[in-house]
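Below sits a lone chain in structure tokens, taken as the form predicted on its own.
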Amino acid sequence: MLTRLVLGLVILLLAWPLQANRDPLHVELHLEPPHLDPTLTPASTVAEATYGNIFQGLTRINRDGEVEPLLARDWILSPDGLTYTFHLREGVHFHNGRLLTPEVVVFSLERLLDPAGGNSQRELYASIRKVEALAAQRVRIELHYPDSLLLFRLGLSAAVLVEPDSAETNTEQPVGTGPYRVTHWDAAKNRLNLYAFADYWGDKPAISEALITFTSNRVELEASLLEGQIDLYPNISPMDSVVRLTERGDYVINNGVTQGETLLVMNHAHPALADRRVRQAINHAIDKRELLNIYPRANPPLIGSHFSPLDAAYVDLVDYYPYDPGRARDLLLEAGYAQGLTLRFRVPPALYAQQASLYLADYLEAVGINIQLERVTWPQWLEEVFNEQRYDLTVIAHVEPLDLDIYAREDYYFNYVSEDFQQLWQAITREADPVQRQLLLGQAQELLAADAVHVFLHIKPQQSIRKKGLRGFWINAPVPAVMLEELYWE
């Protein structure tokens, strides 16, 4: 008996330091965030860090891409499809102690809809006519027209609820209703410390403390991984050291996918790129299958339009423009650009974009297009490419799910204008029948492919690495998110 007791104590003493070393959980994200308010930036890295952890919305998107109740426990839709009545959860506190009330929801949604509010996804919520606070923890949303996608969109990071008194400082000191509160944010060193919120309305998370770092320097990033300093890195591809990481023995690599369509984006404001023949030539010039070589140990699905194969409405248009450099040169000749077309290709710092840009530049130069390749920082890309539209080409993954609406926005950074697509998108949002809506979504995919709006390359893979024993992570990423609340150590 004494021997067994001593042995048990030895085992406990040996196990204790191992468990203690797991606190805080260290999560690594690659792109440095411009700030920490997901309602004021399209940067996915902000959503990855804050969505579901710090901020929450009326609904949420789960790991299967489905809509679930969150701060709204349920809702009722009127027979005419023009009025939603949401019942809010009771006893929900923000991190500064304020209760979630119908008035707070009205403030958040009116802030979202305000053209001066700075929400880059405001157009997604154009169907909302009025938001009204009601008694008994209820909120009524009246619509201009039926919107079959509203519940889904209310679950995106752009629509998280914010506390009125702290809304202006959420960029540096975010205050939400989520399971974690911010204890420290060092913007200079890109380090975010989170701690479990004691007054959280839901179940207490198994992970009590987390450190999120953002390392854009690839050498530093790979060194940290190889030294075992990181517990979870949700997007390691494309990295040359993947094989070496698996040899450590304490890491596990998972291959999943996101909803992110990776595109060679063309600025339609450029005179040459306004010509569909030039855009078709660029499509024929790209060998999309060879491009997948940038992903070691991953094989993400190819796409032929701005749509994910994970969606039931997906149409396979992968070979709409087969790789054909000869056809590309013929189209450029036909359009009057056999010689002398020069395009400014501005590339963000994401690893997949950096490596893909080398292949893409080679493909285009092989058919006679001169490429001025420029590598920019993430803040530069957001400001100069996304906001100011100072580019001809760029490569980026659009990670928000079901975001075809961007092709109906005349002021979006693509500068693509199509009355046919705008009318089609209006029909999609108003269609309540899911079967008919799928047919319309298929037509939208085909229209974008026929118009050669961009080169639709592939779905961005979700190749993640985690320490053995860490459970609850999302292998696939239907939205940009690292849901700390669902993680636990085995």
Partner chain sequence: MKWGLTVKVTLLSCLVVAVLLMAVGFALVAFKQYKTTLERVTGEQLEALMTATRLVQQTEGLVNASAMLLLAENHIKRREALFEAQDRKEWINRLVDELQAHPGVRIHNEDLEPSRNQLIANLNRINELVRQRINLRADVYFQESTNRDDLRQLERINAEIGEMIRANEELSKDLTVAVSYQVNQLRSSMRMEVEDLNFRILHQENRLLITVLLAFALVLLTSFYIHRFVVARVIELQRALSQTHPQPSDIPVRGEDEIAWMAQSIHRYVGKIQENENKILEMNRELSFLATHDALTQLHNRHFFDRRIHEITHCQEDKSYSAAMIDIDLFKAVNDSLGHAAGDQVIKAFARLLRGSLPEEVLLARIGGEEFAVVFADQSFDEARQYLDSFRQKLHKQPIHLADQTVRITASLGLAGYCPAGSINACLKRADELLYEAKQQGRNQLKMQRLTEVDLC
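Positions refer to the first chain, counted from 1. Quantities reported herein were computed from a predicted structural model and do not represent experimental measurements.
FYI, the form predicted in complex with its partner chain isn't displayed, but the following is about it.
Peer 1: Can you work out which of 149, 406, 373, 335 has a heavy atom no more than 4.5 Å from its partner chain in the predicted bound form?
Peer 2: Result of the distance check: 373.
Peer 1: Quick check on this chain: which one of 101, 166, 354, 127 has a heavy atom within 4.5 Å of its partner chain in the predicted bound form?
Peer 2: Exactly one residue meets the criterion: 354.
Peer 1: Can you check whether residue 219 is within 4.5 Å of its partner chain in the predicted bound form, heavy atom basis?
Peer 2: Taking the distances in the predicted bound form, the answer for residue 219 is yes, it comes within 4.5 Å of its partner chain.
Peer 1: Answer yes if any heavy atom of residue 362 is within 4.5 Å of a heavy atom of its partner chain in the predicted bound form; otherwise answer no.
Peer 2: Within the cut-off, so yes.
Peer 1: Taking its partner chain as it sits in the predicted bound form, is residue 229 in contact with it (heavy atom to heavy atom, 4.5 Å or less)?
Peer 2: Close contact exists here: in the predicted bound form, residue 229 approaches its partner chain to within 4.5 Å, heavy atoms only.
Peer 1: When the contact criterion is heavy atoms within 4.5 Å, does residue 223 count as touching its partner chain in the predicted bound form?
Peer 2: Although its partner chain is absent here, residue 223 would touch it in the predicted bound form, with heavy atoms inside 4.5 Å.
Peer 1: Specify the contacting stretch among 373-381, 133-141, 413-421, 276-284, defined as having any heavy atom within 4.5 Å of its partner chain in the predicted bound form.
Peer 2: In the other structure, the partner sits against 373-381.
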